[in-house]
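One chain comes next, on its own, written out as C-alpha cells in the form predicted on its own.
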Amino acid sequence: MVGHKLPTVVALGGGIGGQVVSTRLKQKLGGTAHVALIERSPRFTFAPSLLWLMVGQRKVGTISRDYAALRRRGVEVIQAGVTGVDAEQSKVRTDRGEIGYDYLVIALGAELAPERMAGLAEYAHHPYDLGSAERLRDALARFSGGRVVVAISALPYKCPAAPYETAMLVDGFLRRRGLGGASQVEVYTPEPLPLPVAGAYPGYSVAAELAARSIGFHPRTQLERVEEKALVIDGESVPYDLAIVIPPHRPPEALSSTTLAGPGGWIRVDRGTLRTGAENVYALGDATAIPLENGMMLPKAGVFAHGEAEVVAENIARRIRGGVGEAEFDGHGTCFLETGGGKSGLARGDFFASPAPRVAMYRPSRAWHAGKIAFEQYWLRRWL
C-alpha cells in the first residue's frame, strides 16, 4: 500500500488520462517510485465505442476491461471513491481512508449531472455512460418510427462531436431497419455551429453532413426542461417520440471545496505543464478548464487527456530524478467523427494556435472509419 519511503505518485481516476499517466510513470521510474491509481469502478469502458454499442454494433464485453494490465506493470490499483483532496497536507480522502502522496495527478474527468435538468432522468436517454447507452440501445431496438430529438442541455460537455455522431448513427440505424421514411431526426444545441471551438469550416462541414441526411439542425437554442413526449426549448414545446438529451456536466464533486478549483469549479492549470496552484499537484483531462487564444476553452476530449498525461508523466519523472526543465503540452489533437454508413470524418489541428485554433476537417470516408476501428482496438490492447 501507499506509504513506504519511495516517492509516491497518486493518480485519481482510471480513465484515459489516468491509465496513460500511471503507465508512463512506471515505465520511466521503475522501482524508484511507487505509483498508485485510485478508481472507484472495477472496469473501464472505452467511451468512444458507446455510440457503436447504442446502435447494436458493439457488445459490452468487447469494449470494457478490468485494470489487471496496470497491476502487471507495477501500478497499484486501489478501488475506492475519492471524496476530497487536502493539497496543503498532501493527502487524498477516499471512502477507504486517507492516502498520502508526494505528487498527485487529478484525472477524475467531468461528472454527468442529469438531475440539473428537470425531467431528463425520467423521460430522456443518452449514450454518455455504459448503463445509459445500453438503455438507449434497447429503446432504439423497440422504436417503431417517429420523431427523434437529440438535444444538448448545457455547455460544456464531453466529446464535442458525440451529439452529432449520435444523430447520424441513429439516422442510419433507422434507415437500415426500414424506418427512414417514417422517422425524422432533429438536433438542438445552444452552440452556433457544431464543434464551434474548431472554427467555421469544421462546423459548417458537420452541418452539411446533417443536411445531407435531412437531419434538422437548430443552433442557438436552449433546452429548459424535458417533459413526457415534449422538450421545452426557448419556451416552446418540441414534441418527440424518442428524446436523446446530452446531460449537464459538472466538475468532480470531490474537488468542489478545494483551493484548486477555479470559476465554475473546473481545475485551473498551467496549460503547458498542467501544474495546478499546488506545487506538487497536476491535473489533466476533462476536470480542467484551459482557455484558448480565442477566449473559448479546450474541448473536453480523450485525445487531449492522453497528450496531457504524457507531459505530466514526463514532468513528474524529471522532478523525482532531479532533472531540469519541463515538458509542455502543445495543444494538438485529432478526433474521428462517425457519420454512419461505414464512414468517419477526421478533425485534426493545433488548438493552442493564435489568434484561434487551426483545425483541418477531412471528408468522411471508409478509410477514416477503418482508422477509428483500428484506434479502438489499439487502445484496448495497448493500454488495458
Ligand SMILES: Cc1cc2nc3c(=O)[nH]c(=O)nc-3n(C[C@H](O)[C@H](O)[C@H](O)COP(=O)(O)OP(=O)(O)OC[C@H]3O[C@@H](n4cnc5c(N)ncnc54)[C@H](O)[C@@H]3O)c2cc1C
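Keep in mind that what you see is a predicted model, and the values were worked out from it rather than measured. Each residue number is its position in the shown sequence, starting from 1.
This protein has a second form, the form predicted together with this ligand, left out of what is shown; the following refers to that one.
Of the candidate stretches 96-104, 134-142, 159-167, 224-232, only 159-167 contains residues with a heavy atom within 4.5 Å of this ligand in the predicted complex.
For the residues Gly272, Gly265, Gly74, Gly81, the 4.5 Å heavy atom test against this ligand in the predicted complex is passed only by Gly81. Screening Ala36, Ala47, Ala317, Val55 for any heavy atom within 4.5 Å of this ligand in the predicted complex leaves a single hit, Ala47. In the predicted complex, none of the heavy atoms of Val148 sits within 4.5 Å of a heavy atom of this ligand. Within this chain, Pro127 lines the site of this ligand in the predicted complex, having a heavy atom no more than 4.5 Å away.
This ligand in the predicted complex comes within 4.5 Å of a heavy atom belonging to Gly109. For Lys372, a non-hydrogen atom is located within 4.5 Å of this ligand in the predicted complex, even though that partner is not displayed. Shown here without this ligand, the chain has Ala301, Gly302, Val303, Ala305 in 301-315 lying with a heavy atom within 4.5 Å of that partner in the predicted complex.
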